[in-house]
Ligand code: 13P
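The chain below stands alone, shown as structure tokens; this is the form predicted on its own.
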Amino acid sequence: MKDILKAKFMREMCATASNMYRLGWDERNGGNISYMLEEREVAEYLDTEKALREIPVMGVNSVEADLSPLEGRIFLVTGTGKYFKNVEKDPAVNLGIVKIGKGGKSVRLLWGFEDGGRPTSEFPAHMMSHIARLKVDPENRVIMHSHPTYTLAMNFVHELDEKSFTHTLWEMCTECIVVFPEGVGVLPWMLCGTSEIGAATARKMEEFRLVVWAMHGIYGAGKTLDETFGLIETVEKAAQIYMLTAHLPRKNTIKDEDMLKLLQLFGVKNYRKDFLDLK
């Protein structure tokens, strides 16, 4: 077997966690990532039928979730209580590779969590979002949750209405409407680590690749770690510009008709027409 610490997916995961911590998005044990792997790529490094132990699927409040649609799928996931700043220097403790067990009620640990740990307390929410996104995009492989500073700050001073919130972000950077043309979903504050917030996020994920958890953080979905990171990074940059200028009189903005020109230039057809105010 090859050395799993040299696997491309492992190196990418470690680098992504380090970047998220460096940017201040994931303080302490804030934030979590789940990355769906192909069994054939994992089989180069591990026996995918040999489980180290079985772990119940539950959130922080011990609420079970039915993950049967993902039975047999394999995920590289961050651990509960683990700090992103430690992932790169000790991946075998801070990360785990798990396989969804029969009926979706537990996971079989294939590698990692060497200190007896288990997947993030948001694991049920992640898996529900994977199920939702796979219906929309069969190539979706990543769910990423973090606490970007300016995105969070914007939650406290801006209306938490999806159209209004999205439109403001689109106005902040020329690239925004091209990067996330379907907009940003928004949930009110909800108790984290529960099946309720997981189900609500999954419903939003049927429309959006980005979902804001009010006064908490953001969820992103994508085909790769880079793509998902880039989605959140773009929202955070737009939110930063908003927070730096919100208290000042605005003399210029990107007009809706100009956003439409951008969409036409880049051939983007799947955008939220109802989030634009066009005459």
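Start at 1 with the first residue shown and count on from there. Computed from a predicted structure; not experimentally measured.
Although it is not shown, the form predicted in complex with 1,3-dihydroxyacetonephosphate is what the next lines describe.
- Though the partner is left out of this view, His145 does reach within 4.5 Å of 1,3-dihydroxyacetonephosphate in the model of the complex, counting heavy atoms only.
- Residue contact check for Gly72: none of its heavy atoms lie within 4.5 Å of 1,3-dihydroxyacetonephosphate in the model of the complex.
- In the model of the complex, Gly79 approaches 1,3-dihydroxyacetonephosphate with a heavy atom inside 4.5 Å.
- Contact check for Asn32: a non-hydrogen atom falls within 4.5 Å of 1,3-dihydroxyacetonephosphate in the model of the complex.
- Checking Ser106, Ser195, Ser121, Asn155 for any heavy atom within 4.5 Å of 1,3-dihydroxyacetonephosphate in the model of the complex turns up a single hit: Ser121.
- You can rule out all but one of 157 to 165, 80 to 88, 98 to 106, 179 to 187: in the model of the complex, only 80 to 88 has residues with a heavy atom within 4.5 Å of 1,3-dihydroxyacetonephosphate.
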